[in-house]
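Below sits a lone chain in C-alpha coordinates, taken as the form predicted on its own.
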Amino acid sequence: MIQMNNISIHFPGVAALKNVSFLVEEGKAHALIGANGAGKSTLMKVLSGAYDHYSGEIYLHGEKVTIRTPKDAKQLGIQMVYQEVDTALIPSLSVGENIMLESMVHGMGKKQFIHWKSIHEKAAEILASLHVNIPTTKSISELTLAQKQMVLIARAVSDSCKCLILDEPTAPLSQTETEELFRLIGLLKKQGVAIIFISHRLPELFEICEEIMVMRNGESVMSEKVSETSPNQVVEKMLGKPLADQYPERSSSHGEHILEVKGLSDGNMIDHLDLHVKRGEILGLAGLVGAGKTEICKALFGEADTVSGEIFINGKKVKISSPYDAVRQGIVLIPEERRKEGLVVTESVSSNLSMSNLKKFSQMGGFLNFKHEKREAERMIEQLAIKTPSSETKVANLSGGNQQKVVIGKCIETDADIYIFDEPTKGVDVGAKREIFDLITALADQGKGVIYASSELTDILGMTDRLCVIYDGEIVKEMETKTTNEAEILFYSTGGK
(Lines give C-alpha, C1' and ligand atoms only; values in the text may rest on other atoms or scores of the structure.)
Protein backbone atom coordinates (compact mmCIF):
# COMPACT_ATOMS: atom_id res chain seq x y z
CA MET A 1 0.00 0.00 0.00
CA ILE A 2 2.71 2.47 1.06
CA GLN A 3 6.32 2.68 -0.01
CA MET A 4 8.67 5.22 1.59
CA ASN A 5 12.00 5.51 -0.27
CA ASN A 6 15.22 7.06 1.07
CA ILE A 7 13.57 9.40 3.58
CA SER A 8 16.01 11.82 5.23
CA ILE A 9 15.37 14.74 7.56
CA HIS A 10 17.60 17.04 9.61
CA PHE A 11 17.01 19.14 12.72
CA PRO A 12 19.47 21.63 14.23
CA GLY A 13 22.50 19.62 15.29
CA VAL A 14 21.17 16.18 14.36
CA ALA A 15 20.33 14.00 11.35
CA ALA A 16 17.08 12.43 12.53
CA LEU A 17 16.56 10.14 9.51
CA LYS A 18 19.18 8.88 7.07
CA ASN A 19 17.85 7.34 3.83
CA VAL A 20 15.17 5.20 5.49
CA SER A 21 12.94 3.01 3.33
CA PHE A 22 9.76 1.40 4.68
CA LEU A 23 7.11 -0.82 3.08
CA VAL A 24 3.54 -1.10 4.37
CA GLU A 25 1.09 -3.78 3.18
CA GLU A 26 -2.68 -3.47 3.46
CA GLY A 27 -4.41 -5.71 5.97
CA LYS A 28 -1.24 -6.23 8.02
CA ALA A 29 0.14 -4.83 11.27
CA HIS A 30 3.70 -3.51 10.99
CA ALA A 31 5.79 -3.13 14.14
CA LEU A 32 8.13 -0.14 14.17
CA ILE A 33 10.61 -0.33 17.02
CA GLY A 34 13.86 1.23 18.18
CA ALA A 35 15.50 2.90 21.15
CA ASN A 36 14.35 6.36 22.20
CA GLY A 37 15.65 8.80 19.58
CA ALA A 38 16.06 6.12 16.90
CA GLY A 39 13.73 7.99 14.52
CA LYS A 40 10.50 5.95 14.71
CA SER A 41 8.15 8.80 15.53
CA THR A 42 10.02 11.14 13.17
CA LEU A 43 9.50 8.72 10.25
CA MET A 44 5.80 8.48 11.06
CA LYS A 45 5.48 12.25 11.37
CA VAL A 46 6.82 12.47 7.83
CA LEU A 47 4.20 9.96 6.67
CA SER A 48 1.41 11.77 8.53
CA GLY A 49 2.41 15.21 7.20
CA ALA A 50 3.64 16.72 10.46
CA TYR A 51 7.12 17.35 8.98
CA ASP A 52 7.52 18.79 5.48
CA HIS A 53 11.27 19.48 5.22
CA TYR A 54 12.30 15.93 4.34
CA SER A 55 13.87 14.45 1.22
CA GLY A 56 12.85 11.17 -0.42
CA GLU A 57 9.74 9.78 -2.10
CA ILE A 58 6.43 8.31 -0.92
CA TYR A 59 4.21 6.05 -3.04
CA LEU A 60 0.61 4.98 -2.40
CA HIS A 61 -0.51 1.88 -4.34
CA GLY A 62 2.45 2.42 -6.68
CA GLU A 63 1.60 6.04 -7.44
CA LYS A 64 3.89 8.82 -6.21
CA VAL A 65 2.14 11.16 -3.76
CA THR A 66 3.00 14.44 -2.06
CA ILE A 67 2.61 14.57 1.73
CA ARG A 68 3.69 17.90 3.21
CA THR A 69 0.79 18.63 5.59
CA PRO A 70 -1.51 16.60 7.87
CA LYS A 71 -4.34 17.47 5.45
CA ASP A 72 -2.43 15.77 2.61
CA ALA A 73 -2.04 12.61 4.69
CA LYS A 74 -5.67 12.52 5.83
CA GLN A 75 -6.95 12.95 2.29
CA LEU A 76 -4.93 9.84 1.39
CA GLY A 77 -6.46 7.94 4.32
CA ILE A 78 -3.37 8.08 6.58
CA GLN A 79 -4.23 8.77 10.22
CA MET A 80 -1.89 8.99 13.20
CA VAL A 81 -2.70 8.74 16.91
CA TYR A 82 0.14 10.48 18.76
CA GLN A 83 1.63 9.45 22.09
CA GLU A 84 0.95 12.87 23.68
CA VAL A 85 -2.83 12.59 23.85
CA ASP A 86 -3.42 15.91 25.63
CA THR A 87 -1.93 17.93 22.79
CA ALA A 88 -4.26 16.28 20.26
CA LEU A 89 -7.55 16.88 22.09
CA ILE A 90 -9.45 20.06 22.95
CA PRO A 91 -10.16 19.79 26.70
CA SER A 92 -13.01 22.34 26.71
CA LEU A 93 -15.02 20.35 24.14
CA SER A 94 -17.04 17.19 24.67
CA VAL A 95 -16.10 13.63 23.72
CA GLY A 96 -18.50 13.71 20.78
CA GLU A 97 -17.19 17.04 19.52
CA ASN A 98 -13.58 15.83 19.68
CA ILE A 99 -14.37 12.62 17.80
CA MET A 100 -16.31 14.44 15.09
CA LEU A 101 -14.05 17.50 14.97
CA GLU A 102 -13.09 17.08 11.32
CA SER A 103 -16.73 16.67 10.25
CA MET A 104 -17.78 19.70 12.28
CA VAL A 105 -15.15 21.97 10.73
CA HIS A 106 -15.70 20.85 7.14
CA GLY A 107 -19.46 20.41 7.37
CA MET A 108 -20.42 23.85 8.65
CA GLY A 109 -20.52 25.50 5.21
CA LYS A 110 -21.80 29.04 4.79
CA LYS A 111 -24.67 28.73 7.28
CA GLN A 112 -22.31 28.10 10.18
CA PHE A 113 -24.82 25.76 11.84
CA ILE A 114 -24.01 22.39 13.41
CA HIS A 115 -26.56 19.63 13.97
CA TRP A 116 -25.49 18.72 17.51
CA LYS A 117 -27.78 15.72 17.84
CA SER A 118 -26.30 14.11 14.71
CA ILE A 119 -22.78 14.83 15.95
CA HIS A 120 -23.35 12.99 19.21
CA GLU A 121 -25.32 10.15 17.59
CA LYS A 122 -22.51 9.47 15.11
CA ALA A 123 -19.86 9.69 17.84
CA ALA A 124 -21.87 7.28 19.98
CA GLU A 125 -22.04 4.82 17.07
CA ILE A 126 -18.26 4.94 16.64
CA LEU A 127 -17.62 4.41 20.36
CA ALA A 128 -20.13 1.54 20.44
CA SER A 129 -18.36 -0.17 17.52
CA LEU A 130 -15.16 0.00 19.58
CA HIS A 131 -16.93 -1.29 22.71
CA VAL A 132 -15.93 1.91 24.51
CA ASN A 133 -18.42 3.13 27.11
CA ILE A 134 -17.84 6.90 27.40
CA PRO A 135 -20.76 9.40 27.29
CA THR A 136 -20.36 11.63 24.22
CA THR A 137 -21.50 14.69 26.22
CA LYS A 138 -18.74 14.31 28.79
CA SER A 139 -15.96 16.92 28.72
CA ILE A 140 -12.50 15.75 27.64
CA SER A 141 -11.05 17.42 30.75
CA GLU A 142 -12.98 14.94 32.90
CA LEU A 143 -11.51 11.82 31.24
CA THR A 144 -8.70 9.59 32.38
CA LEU A 145 -5.59 9.20 30.24
CA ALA A 146 -6.84 5.81 29.02
CA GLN A 147 -10.21 7.24 28.00
CA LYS A 148 -8.53 10.10 26.10
CA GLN A 149 -6.49 7.53 24.18
CA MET A 150 -9.64 5.68 23.12
CA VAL A 151 -11.28 8.95 22.00
CA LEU A 152 -8.30 9.66 19.75
CA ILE A 153 -8.48 6.19 18.22
CA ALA A 154 -12.21 6.63 17.67
CA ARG A 155 -11.56 9.93 15.88
CA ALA A 156 -8.90 8.34 13.66
CA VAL A 157 -10.96 5.33 12.51
CA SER A 158 -14.04 7.49 11.86
CA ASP A 159 -12.55 9.22 8.80
CA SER A 160 -12.06 6.73 5.92
CA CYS A 161 -8.86 5.39 7.42
CA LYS A 162 -6.65 3.24 5.14
CA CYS A 163 -3.49 3.33 7.24
CA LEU A 164 -3.62 3.81 11.02
CA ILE A 165 -0.40 4.79 12.82
CA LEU A 166 -0.42 4.13 16.58
CA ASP A 167 2.42 5.68 18.60
CA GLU A 168 2.72 3.88 21.97
CA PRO A 169 -1.07 3.34 22.11
CA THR A 170 -1.11 0.88 25.00
CA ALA A 171 1.10 2.87 27.40
CA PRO A 172 -1.88 4.40 29.28
CA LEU A 173 -4.27 1.45 28.83
CA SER A 174 -5.24 -1.29 31.27
CA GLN A 175 -5.05 -4.97 30.28
CA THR A 176 -8.76 -5.02 29.42
CA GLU A 177 -8.49 -1.83 27.36
CA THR A 178 -5.42 -3.20 25.60
CA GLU A 179 -7.31 -6.37 24.69
CA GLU A 180 -10.12 -4.21 23.27
CA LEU A 181 -7.58 -2.27 21.20
CA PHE A 182 -6.11 -5.51 19.85
CA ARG A 183 -9.62 -6.73 18.96
CA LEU A 184 -10.17 -3.49 17.05
CA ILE A 185 -6.81 -3.85 15.26
CA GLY A 186 -7.81 -7.36 14.19
CA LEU A 187 -11.12 -6.03 12.84
CA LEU A 188 -9.42 -3.22 10.91
CA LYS A 189 -6.89 -5.63 9.38
CA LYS A 190 -9.76 -7.78 8.07
CA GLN A 191 -11.16 -4.63 6.44
CA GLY A 192 -7.84 -4.09 4.62
CA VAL A 193 -6.57 -1.27 6.85
CA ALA A 194 -2.79 -1.19 7.31
CA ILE A 195 -1.62 -0.74 10.90
CA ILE A 196 1.74 0.74 11.92
CA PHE A 197 2.33 -0.01 15.59
CA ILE A 198 5.08 1.82 17.53
CA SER A 199 5.72 0.30 20.94
CA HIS A 200 8.50 -0.63 23.35
CA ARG A 201 6.49 -3.59 24.63
CA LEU A 202 7.92 -6.47 22.63
CA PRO A 203 5.34 -9.11 23.69
CA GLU A 204 2.59 -6.90 22.19
CA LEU A 205 4.40 -6.57 18.89
CA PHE A 206 4.97 -10.30 18.61
CA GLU A 207 1.30 -10.91 19.46
CA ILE A 208 -0.42 -8.71 16.87
CA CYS A 209 2.11 -7.79 14.15
CA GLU A 210 3.16 -9.67 11.01
CA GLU A 211 6.11 -7.47 9.99
CA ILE A 212 8.76 -5.66 12.03
CA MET A 213 11.30 -2.94 11.24
CA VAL A 214 13.98 -1.95 13.74
CA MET A 215 15.59 1.51 13.68
CA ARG A 216 18.78 2.74 15.32
CA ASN A 217 20.31 6.23 15.13
CA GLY A 218 17.99 7.34 12.33
CA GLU A 219 18.57 4.30 10.14
CA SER A 220 16.75 1.04 9.38
CA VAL A 221 18.88 -1.84 10.71
CA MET A 222 16.43 -4.74 10.39
CA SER A 223 13.27 -5.56 8.44
CA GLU A 224 11.80 -9.05 8.93
CA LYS A 225 8.65 -11.08 9.27
CA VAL A 226 7.79 -11.34 12.98
CA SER A 227 7.57 -15.12 12.65
CA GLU A 228 11.20 -15.27 11.49
CA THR A 229 12.84 -13.36 14.37
CA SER A 230 12.83 -13.29 18.19
CA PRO A 231 12.63 -10.66 20.96
CA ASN A 232 16.31 -11.13 21.81
CA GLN A 233 17.36 -10.54 18.18
CA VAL A 234 15.20 -7.42 18.03
CA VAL A 235 16.68 -6.00 21.25
CA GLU A 236 20.24 -6.62 20.04
CA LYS A 237 19.47 -4.81 16.77
CA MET A 238 17.90 -1.91 18.70
CA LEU A 239 20.86 -1.42 21.01
CA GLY A 240 23.66 -2.57 18.69
CA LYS A 241 24.84 -4.92 21.44
CA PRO A 242 23.49 -7.75 23.63
CA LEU A 243 21.19 -6.60 26.45
CA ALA A 244 22.72 -6.78 29.91
CA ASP A 245 20.68 -7.88 32.92
CA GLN A 246 17.54 -5.75 32.96
CA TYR A 247 17.58 -4.92 36.68
CA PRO A 248 20.58 -3.69 38.70
CA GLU A 249 21.79 -5.46 41.82
CA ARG A 250 20.50 -3.95 45.04
CA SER A 251 21.88 -3.41 48.49
CA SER A 252 19.67 -5.12 51.08
CA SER A 253 20.50 -2.78 53.98
CA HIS A 254 17.79 -0.35 55.08
CA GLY A 255 17.80 2.32 57.75
CA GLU A 256 15.16 3.91 59.96
CA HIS A 257 11.76 5.04 58.72
CA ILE A 258 12.22 8.11 56.53
CA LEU A 259 8.51 8.46 55.69
CA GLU A 260 5.43 7.43 57.67
CA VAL A 261 1.90 8.13 56.49
CA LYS A 262 -1.18 7.64 58.67
CA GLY A 263 -4.79 8.03 57.54
CA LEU A 264 -4.00 9.75 54.22
CA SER A 265 -7.13 10.85 52.33
CA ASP A 266 -7.62 12.98 49.22
CA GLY A 267 -11.37 13.57 49.56
CA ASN A 268 -11.94 11.43 46.49
CA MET A 269 -10.36 8.01 45.85
CA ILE A 270 -7.86 7.64 48.71
CA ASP A 271 -9.35 7.09 52.16
CA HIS A 272 -7.35 6.59 55.38
CA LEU A 273 -4.27 5.03 53.80
CA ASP A 274 -1.26 3.99 55.88
CA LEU A 275 2.25 3.30 54.53
CA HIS A 276 5.90 3.73 55.43
CA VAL A 277 9.27 3.80 53.68
CA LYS A 278 12.72 3.19 55.19
CA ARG A 279 16.00 4.82 54.22
CA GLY A 280 17.53 2.97 51.28
CA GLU A 281 14.29 1.13 50.54
CA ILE A 282 12.34 1.02 47.27
CA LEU A 283 8.64 0.57 48.05
CA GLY A 284 6.49 -0.54 45.15
CA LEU A 285 2.91 0.55 44.55
CA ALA A 286 1.56 -2.17 42.25
CA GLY A 287 -1.81 -2.20 40.54
CA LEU A 288 -3.65 -1.97 37.27
CA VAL A 289 -4.25 1.27 35.36
CA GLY A 290 -6.82 3.30 37.32
CA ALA A 291 -6.24 1.49 40.62
CA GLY A 292 -5.32 4.72 42.44
CA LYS A 293 -1.52 4.65 42.33
CA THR A 294 -1.28 8.10 40.74
CA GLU A 295 -3.79 9.51 43.23
CA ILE A 296 -1.66 8.25 46.13
CA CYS A 297 1.49 9.79 44.62
CA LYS A 298 -0.23 13.14 44.11
CA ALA A 299 -1.73 13.15 47.59
CA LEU A 300 1.72 12.54 49.11
CA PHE A 301 3.05 15.40 46.99
CA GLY A 302 0.28 17.80 48.09
CA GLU A 303 -1.23 17.99 44.61
CA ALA A 304 -4.71 16.68 45.48
CA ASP A 305 -7.48 19.24 46.01
CA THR A 306 -7.84 18.26 49.67
CA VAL A 307 -5.43 16.19 51.72
CA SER A 308 -5.93 14.96 55.27
CA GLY A 309 -4.00 12.61 57.49
CA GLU A 310 -0.60 12.69 59.14
CA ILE A 311 2.78 12.65 57.38
CA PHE A 312 6.04 12.15 59.27
CA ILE A 313 9.48 12.68 57.73
CA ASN A 314 12.41 11.41 59.80
CA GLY A 315 10.01 11.10 62.72
CA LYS A 316 8.89 14.74 62.54
CA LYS A 317 5.28 15.57 61.67
CA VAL A 318 5.03 17.86 58.66
CA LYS A 319 2.20 19.69 56.91
CA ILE A 320 1.99 19.28 53.12
CA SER A 321 -0.84 21.13 51.43
CA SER A 322 0.88 21.93 48.11
CA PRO A 323 3.77 20.71 45.92
CA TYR A 324 5.74 23.72 47.19
CA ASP A 325 5.39 22.39 50.75
CA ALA A 326 6.41 18.90 49.58
CA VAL A 327 9.63 20.10 47.91
CA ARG A 328 10.52 22.20 50.96
CA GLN A 329 10.07 19.11 53.14
CA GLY A 330 12.27 16.99 50.88
CA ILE A 331 9.69 15.14 48.75
CA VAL A 332 9.77 15.20 44.95
CA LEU A 333 7.50 13.59 42.37
CA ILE A 334 8.43 12.28 38.93
CA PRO A 335 4.90 12.34 37.44
CA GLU A 336 3.31 9.89 35.01
CA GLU A 337 2.52 12.55 32.39
CA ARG A 338 6.01 13.99 32.04
CA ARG A 339 5.26 16.40 29.17
CA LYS A 340 2.20 17.85 30.89
CA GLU A 341 3.28 17.87 34.54
CA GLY A 342 7.04 17.31 34.71
CA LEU A 343 8.54 19.58 32.06
CA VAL A 344 8.26 22.90 30.30
CA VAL A 345 8.83 21.46 26.83
CA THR A 346 9.25 24.85 25.13
CA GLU A 347 12.23 25.64 27.37
CA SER A 348 15.80 24.33 27.13
CA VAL A 349 17.26 21.28 28.84
CA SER A 350 19.33 23.64 30.99
CA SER A 351 16.28 25.63 32.15
CA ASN A 352 14.32 22.49 32.99
CA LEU A 353 17.17 20.97 35.00
CA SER A 354 17.52 24.10 37.15
CA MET A 355 13.89 25.11 37.67
CA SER A 356 13.29 23.03 40.81
CA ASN A 357 16.20 24.67 42.62
CA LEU A 358 16.53 28.22 41.28
CA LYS A 359 17.97 29.44 44.57
CA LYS A 360 21.09 27.36 43.89
CA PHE A 361 21.65 29.21 40.61
CA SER A 362 20.75 32.71 41.79
CA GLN A 363 23.16 35.43 42.70
CA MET A 364 22.76 38.67 44.64
CA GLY A 365 19.55 40.47 43.75
CA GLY A 366 17.77 37.28 42.68
CA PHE A 367 19.23 37.18 39.16
CA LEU A 368 20.09 33.83 37.60
CA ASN A 369 23.75 33.01 37.10
CA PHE A 370 23.44 31.53 33.60
CA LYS A 371 27.05 30.32 33.49
CA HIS A 372 26.54 28.35 36.69
CA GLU A 373 23.21 27.04 35.41
CA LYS A 374 24.77 25.87 32.13
CA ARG A 375 27.78 24.33 33.88
CA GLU A 376 25.56 22.31 36.23
CA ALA A 377 23.27 21.32 33.35
CA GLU A 378 26.19 19.95 31.35
CA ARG A 379 27.37 18.01 34.40
CA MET A 380 23.89 16.51 34.87
CA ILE A 381 23.59 15.71 31.16
CA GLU A 382 26.84 13.74 31.37
CA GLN A 383 25.92 12.08 34.68
CA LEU A 384 22.50 10.91 33.44
CA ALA A 385 23.65 10.18 29.86
CA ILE A 386 20.99 12.49 28.42
CA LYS A 387 21.22 12.41 24.63
CA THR A 388 20.86 16.01 23.46
CA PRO A 389 22.72 18.17 20.91
CA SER A 390 23.40 20.72 23.67
CA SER A 391 22.14 22.00 27.02
CA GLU A 392 20.28 24.75 25.13
CA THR A 393 18.20 22.30 23.03
CA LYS A 394 14.46 22.56 23.67
CA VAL A 395 13.15 19.60 25.65
CA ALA A 396 10.36 19.14 23.08
CA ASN A 397 13.01 17.97 20.59
CA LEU A 398 14.27 15.12 22.82
CA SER A 399 13.05 11.53 22.74
CA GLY A 400 10.70 10.27 25.45
CA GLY A 401 13.42 8.46 27.39
CA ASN A 402 15.68 11.50 27.43
CA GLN A 403 12.79 13.74 28.49
CA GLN A 404 12.24 11.39 31.42
CA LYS A 405 15.92 11.68 32.38
CA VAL A 406 15.54 15.48 32.39
CA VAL A 407 12.59 15.16 34.82
CA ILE A 408 14.67 12.92 37.08
CA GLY A 409 17.67 15.24 36.80
CA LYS A 410 15.51 18.22 37.74
CA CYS A 411 14.43 16.37 40.89
CA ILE A 412 17.96 15.21 41.77
CA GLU A 413 19.04 18.87 41.77
CA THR A 414 16.78 19.44 44.80
CA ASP A 415 18.73 16.84 46.84
CA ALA A 416 15.45 15.54 48.28
CA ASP A 417 15.07 12.75 50.86
CA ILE A 418 12.06 11.03 49.30
CA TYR A 419 11.58 10.34 45.58
CA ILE A 420 8.19 9.30 44.21
CA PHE A 421 8.29 7.72 40.73
CA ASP A 422 4.91 7.34 38.99
CA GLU A 423 5.22 5.03 35.93
CA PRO A 424 8.81 6.23 35.33
CA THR A 425 9.49 3.98 32.32
CA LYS A 426 6.26 4.50 30.37
CA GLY A 427 7.10 4.88 26.69
CA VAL A 428 10.80 4.23 27.33
CA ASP A 429 12.90 1.67 25.42
CA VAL A 430 14.67 -1.26 27.09
CA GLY A 431 18.10 0.40 26.99
CA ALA A 432 16.90 3.66 28.56
CA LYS A 433 14.85 1.67 31.10
CA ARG A 434 18.02 0.10 32.45
CA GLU A 435 19.64 3.53 32.72
CA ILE A 436 16.61 4.85 34.66
CA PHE A 437 16.65 1.75 36.90
CA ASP A 438 20.33 2.46 37.64
CA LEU A 439 19.46 6.05 38.63
CA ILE A 440 16.67 4.90 40.96
CA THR A 441 18.91 2.25 42.53
CA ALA A 442 21.68 4.83 43.05
CA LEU A 443 19.25 7.07 44.94
CA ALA A 444 18.24 4.19 47.22
CA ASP A 445 21.91 3.28 47.79
CA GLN A 446 22.49 6.88 48.93
CA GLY A 447 19.93 6.32 51.70
CA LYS A 448 17.02 8.06 49.99
CA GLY A 449 13.49 6.71 50.37
CA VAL A 450 11.93 5.69 47.05
CA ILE A 451 8.31 5.00 46.13
CA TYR A 452 7.98 3.23 42.76
CA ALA A 453 4.43 3.13 41.33
CA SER A 454 3.87 1.01 38.22
CA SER A 455 1.38 -1.23 36.45
CA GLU A 456 4.35 -3.14 34.92
CA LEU A 457 4.46 -6.03 37.38
CA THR A 458 7.77 -7.42 36.09
CA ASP A 459 9.42 -4.06 36.86
CA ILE A 460 7.84 -4.03 40.33
CA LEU A 461 9.34 -7.48 40.99
CA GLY A 462 12.72 -6.50 39.55
CA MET A 463 13.11 -3.14 41.28
CA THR A 464 11.43 -3.09 44.70
CA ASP A 465 12.21 -4.44 48.18
CA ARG A 466 8.65 -4.37 49.45
CA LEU A 467 5.34 -3.70 47.73
CA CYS A 468 1.78 -2.63 48.39
CA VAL A 469 -0.91 -3.84 46.00
CA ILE A 470 -3.42 -1.08 45.24
CA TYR A 471 -7.03 -1.79 44.30
CA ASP A 472 -9.71 0.91 44.10
CA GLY A 473 -7.56 3.37 46.06
CA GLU A 474 -6.80 0.98 48.92
CA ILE A 475 -3.80 -1.10 49.95
CA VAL A 476 -5.26 -4.60 49.79
CA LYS A 477 -2.02 -6.52 50.33
CA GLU A 478 1.48 -5.72 51.56
CA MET A 479 4.38 -8.14 51.09
CA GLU A 480 8.12 -8.56 50.69
CA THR A 481 8.93 -8.57 46.98
CA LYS A 482 11.20 -11.63 47.22
CA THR A 483 8.36 -13.72 48.66
CA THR A 484 5.80 -13.10 45.88
CA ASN A 485 5.34 -13.48 42.13
CA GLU A 486 3.49 -11.85 39.24
CA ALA A 487 0.47 -14.16 39.49
CA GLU A 488 -0.11 -13.35 43.17
CA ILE A 489 0.24 -9.59 42.58
CA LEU A 490 -2.21 -9.78 39.67
CA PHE A 491 -4.66 -11.76 41.82
CA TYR A 492 -4.84 -8.97 44.42
CA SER A 493 -4.67 -6.24 41.74
CA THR A 494 -7.93 -7.52 40.24
CA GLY A 495 -9.82 -7.58 43.54
CA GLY A 496 -8.93 -11.06 44.78
CA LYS A 497 -9.19 -11.70 48.51
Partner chain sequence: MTKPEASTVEKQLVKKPFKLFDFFYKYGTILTIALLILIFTWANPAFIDGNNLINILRSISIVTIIAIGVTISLSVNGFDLSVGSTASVANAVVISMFVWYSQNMFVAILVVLAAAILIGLINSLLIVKLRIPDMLTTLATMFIIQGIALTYTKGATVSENMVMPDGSYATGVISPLFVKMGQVPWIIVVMLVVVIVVHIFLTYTKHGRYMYIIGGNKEAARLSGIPVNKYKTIAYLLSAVLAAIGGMVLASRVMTAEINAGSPYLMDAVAAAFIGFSVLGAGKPNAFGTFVGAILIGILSNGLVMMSVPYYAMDIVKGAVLAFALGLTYYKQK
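Positions refer to the first chain, counted from 1. Superpose the two forms; the largest set of C-alphas matching within 1.5 Å is the rigid core. Owing to the predicted nature of the structure, the values given are computational and were not obtained by experimental measurement.
The form predicted in complex with the partner chain is left out here; the points below concern that form.
- Listed residues 124, 93, 385, 368 were compared with the partner chain in the predicted bound form; 368 is the one with a heavy atom within 4.5 Å.
- With the partner omitted here, the residue from 145, 134, 130, 327 that has a non-hydrogen atom within 4.5 angstroms of the partner chain in the predicted bound form is 327.
- By the criterion of a heavy atom within 4.5 Å, residue 82 is excluded from the residues contacting the partner chain in the predicted bound form.
- Contact annotation: residue 347 falls within 4.5 Å of the partner chain in the predicted bound form, judged by heavy atom distances.
- Although the partner is absent here, residue 64 sits far enough away that none of its heavy atoms falls within 4.5 Å of the partner chain in the predicted bound form.
- Shown alone here, residue 311 lies farther than 4.5 Å from the partner chain in the predicted bound form, counting heavy atoms only.
- Contact annotation: the partner chain lies within 4.5 Å of heavy atoms from the stretch 352-360 in the predicted bound form, the single such stretch among 270-278, 95-103, 352-360, 113-121.
- Judged against the partner chain in the predicted bound form with a 4.5 angstroms heavy atom cut-off, the residues 156, 177 and 192 are out of contact without exception.
- The partner is not shown here, but in the predicted bound form the stretch 291-320 reaches within 4.5 angstroms of the partner chain through a heavy atom at 301, 303.
- With the core held fixed, residue 340 shows a CA shift below 2 Å between the shown form and the other one.
- Shown in the overlay between the shown form and the other one, fitted on the rigid core, is a CA shift at residue 373 of 2 Å or greater.
- Residue displacement note: residue 390 has its CA displaced by under 2 Å between the shown form and the other one (rigid core superposed).
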